[in-house]
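Let's start with one chain on its own, the form predicted on its own, as structure tokens.
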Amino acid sequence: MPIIVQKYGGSSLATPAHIKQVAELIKQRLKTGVQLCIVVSAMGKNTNQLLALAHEISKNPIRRELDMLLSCGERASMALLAMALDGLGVPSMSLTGSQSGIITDSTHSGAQIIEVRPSRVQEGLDQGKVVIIAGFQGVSINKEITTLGRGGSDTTAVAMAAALGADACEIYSDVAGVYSADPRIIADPKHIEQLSYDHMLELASSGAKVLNAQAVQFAKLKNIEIKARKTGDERGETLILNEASAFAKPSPFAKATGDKLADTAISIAVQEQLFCFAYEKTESLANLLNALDQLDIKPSQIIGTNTGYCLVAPEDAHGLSKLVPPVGISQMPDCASVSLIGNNLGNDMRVLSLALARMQAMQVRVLGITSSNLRLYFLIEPAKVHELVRALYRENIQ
């Protein structure tokens, strides 16, 4: 019997009514003759609420205890969903990340999965049960509870799909997959039906919140196709798959130039309120990276060579206020980044020239630029970031 791994995000489990709806969807899906392993996030904004509570108690919460606290959110979701399924006559069992065999490294608040031992999950499936797993968490090789960072439930789902040899990994949220821009900034972004792992990884690393970057990396490594869908509505989805299949046909977002389609941006992503450190030379950067490592803080981006900037995303900044900047390092006001994602962007100087001209016209100060085949990345001062995103979207994607 086929095994399907489904992950339901916090918005899909926000209230008891939402949880009951998911239970009904699971019951209906079982009628198609599949085995279901369900990965759940914490209800609604529960993780943010727990994090805020921790910061009321301590300005710099101990990362080990923070993991103990934040892991409670997913545990509540899994137990409540199991109760809802029991009320529908559907046999199920709930398991924590450690009970599910999610083995991680010893990093707190941003652990990496190193192995999955799904014996208890497989046992439950063999008994005809729906197995519900608390996402976002695991157990370290030192037997400590760890969490996987923002969006870590996606990683749990993909890793479990690989370990079980599942036929599909379905990620459910409040949107029907991936769009060409953040709908909070762009009123009517375009839906993207298909993306390669590499394109999705660039998007996730650039601030798009639909999928977790570690999950996409894991999917690429294990060749697990991801279906990103809206809970309760499977009419639209984004399929994340091998690069050889994605974009086999011209992108619907490519623009016509003459008699052929030009490779252009397909999506735009933004990161706001990045913590930014300026370094004067590479020796200073090395000292900064060592100091961040001592606090288990992982930089999200480094721009420059002899001089430049080291960036930390807000979700990775627990304990950052403990940092004493080494000599040659200065902390700047918050910065923002805007990224254009597409094909051959690093080779298309027209896109870069037009983007820089737009920023100059808007008097947006550009602090740094990086490029790759799939991405143009701009580090800017944050004052006009939404206005800039709208302008670049109109000129490159709309």
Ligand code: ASP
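Quick caveat: nothing in here was measured; it's all calculated off a predicted structure. Sequential numbering from 1, following the sequence displayed. Between two forms, the rigid core is the largest collection of C-alphas that superpose within 1.5 Å.
Not on display, but discussed next: the form predicted in complex with this ligand.
Visitor: Quick one: which of 366-374, 327-335, 39-47, 349-357 gets within 4.5 Å of this ligand in the model of the complex, going by heavy atoms?
Guide: It is 39-47 that comes within 4.5 Å of the partner.
Visitor: Tell me, out of 150, 129, 222, 75, which residue has a non-hydrogen atom within 4.5 angstroms of this ligand in the model of the complex.
Guide: Exactly one listed residue reaches within 4.5 Å, namely 150.
Visitor: Taking this ligand in the model of the complex, which residues along 113-144 bring a heavy atom to within 4.5 Å of it?
Guide: The stretch touches the partner through 136 alone.
Visitor: Comparing between this form and the one not shown on the rigid core: C-alpha of residue 237 shifted by 2 Å or more?
Guide: Superposed on the core, residue 237 moves its C-alpha less than 2 Å between this form and the one not shown.
Visitor: Core superposed first: is there a CA shift of 2 Å or greater at residue 170 between this form and the one not shown?
Guide: After core superposition, the C-alpha of residue 170 moves less than 2 Å between this form and the one not shown.
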